[in-house]
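Just the one chain here, the form predicted on its own, laid out as structure tokens.
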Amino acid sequence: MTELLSRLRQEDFPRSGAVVLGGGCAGLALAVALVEAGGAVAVVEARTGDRDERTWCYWDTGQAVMPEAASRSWDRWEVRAGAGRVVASDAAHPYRMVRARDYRAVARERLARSATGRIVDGVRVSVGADERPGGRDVPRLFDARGPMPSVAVPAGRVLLHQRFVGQWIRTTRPVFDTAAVTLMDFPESRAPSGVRFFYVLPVAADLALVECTVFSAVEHVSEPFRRHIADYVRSRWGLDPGEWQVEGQEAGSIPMTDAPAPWPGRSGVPLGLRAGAARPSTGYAYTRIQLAARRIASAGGRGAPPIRDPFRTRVLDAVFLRFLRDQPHRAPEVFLRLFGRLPGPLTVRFLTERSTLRDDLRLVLALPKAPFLRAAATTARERLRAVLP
């Protein structure tokens, strides 16, 4: 870290500037927000050249730092389970897709236009015990290097792992319906370790991102993701192996937990998944990352604690996590019922943390009572055991 700072000083980087470790979604969002608020920032990225691909999606509520990075959008989505199918929409808040390569290109262009932003590629940084963030030598340090480090979840809390593999599928004939995103399509066969479903982003009649996702309490779940995708492509669209090919692939794991994120980190203020940005009950993080970047920039680049959801949202998320952990076999029925009984705009308000108390009450009333009363009782019992002697 000391060597990096010396290099930046030689390049006339101001001592009051912010240093962001990691040039991914969170690091670049903060960098752009800071320079556009008049600050100086250096993004330090260990990788160079081509990087593993990512695709992020979000319901557009006007919070994106770089809205021009989105390359596709939809205002309709569907949820499937067996013979059941529900379709919903919210034209005022379209579902937008951002590919990481486009996001990086927009961020680099914006930083290049400023006189105070820069990206340092190919540099790995470790923060020494004597290099205290917030001190004279490391005034403002932000750590956006991936998910939270693996730590034991406190008693009374839940951690699920959202593991996924996505493949960009190109077909020899038009089969994809480009009017709607498939948010969840639950197969007849259940995952042995949790909840499995498919997710489809149709960008053209012959091109789509097809993703297999598993929610599981087991971190290193043994799932043949690629075989599941091949079976799904055959069963849903009737495609033989010679009628499609894989043009790209992405994979990852997102922590879904009601445990509070560590704050602050020894290596600076955590950002993104490292700061617990993923919504506990869904794993969505993009909008929360953008909001955090705007908050920090508006505070003059000082570290701001992670966004804390309203109490009722935290309760609903905690109960939903336990439902997914303890009753995964009921997930298809519950999601189909939830998306089918609630208006699209209300669902989007809840998923983007803009729901009112009335919205939340309608959501609770739409859920099947027995499984969620059981999950609520489990939540209360586990939380009490964690605090009582």
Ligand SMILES: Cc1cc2nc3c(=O)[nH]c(=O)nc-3n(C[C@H](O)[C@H](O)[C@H](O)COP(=O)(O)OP(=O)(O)OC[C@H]3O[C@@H](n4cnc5c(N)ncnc54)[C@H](O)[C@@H]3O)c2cc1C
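Everything quoted here is computed from the prediction, not taken from an experiment. Note that residue numbering begins at 1 and tracks the sequence as displayed.
The protein also exists as the form predicted in complex with the named molecule; that form is not presented, and the subsequent description refers to it.
Novice: Which of these residues, 321, 57, 33, 64, gets a heavy atom within 4.5 Å of the named molecule in the predicted complex?
Specialist: By the 4.5 Å criterion, the partner-contacting residue is 57.
Novice: Counting non-hydrogen atoms within 4.5 angstroms of the named molecule in the predicted complex, say which of 169, 111, 184, 254 makes the cut.
Specialist: Here the answer is residue option 254.
Novice: Residue 159 versus the named molecule, in the predicted complex: is there a non-hydrogen atom within 4.5 Å?
Specialist: No, residue 159 is distant from the partner.
Novice: Is there a heavy atom of residue 24 lying 4.5 Å or less from a heavy atom of the named molecule in the predicted complex?
Specialist: Close contact exists here: in the predicted complex, residue 24 approaches the named molecule to within 4.5 Å, heavy atoms only.
Novice: Could you confirm whether residue 164 comes within 4.5 Å of the named molecule in the predicted complex, counting heavy atoms only?
Specialist: Flag for residue 164 set to yes.
Novice: Does the 4.5 Å heavy atom contact test between residue 268 and the named molecule in the predicted complex come out positive?
Specialist: Close contact is absent here: in the predicted complex, residue 268 is far from the named molecule, nothing within 4.5 Å, heavy atoms only.
Novice: Hey, of 291 to 299, 244 to 252, 224 to 232, 187 to 195, which bit sits against the named molecule in the predicted complex at 4.5 Å between non-hydrogen atoms?
Specialist: That would be 244 to 252.
Novice: Listed by sequence position, which residues of 275 to 295 have a non-hydrogen atom within 4.5 angstroms of the named molecule in the predicted complex?
Specialist: Those in contact are 283, 284, 285, 286, 289.
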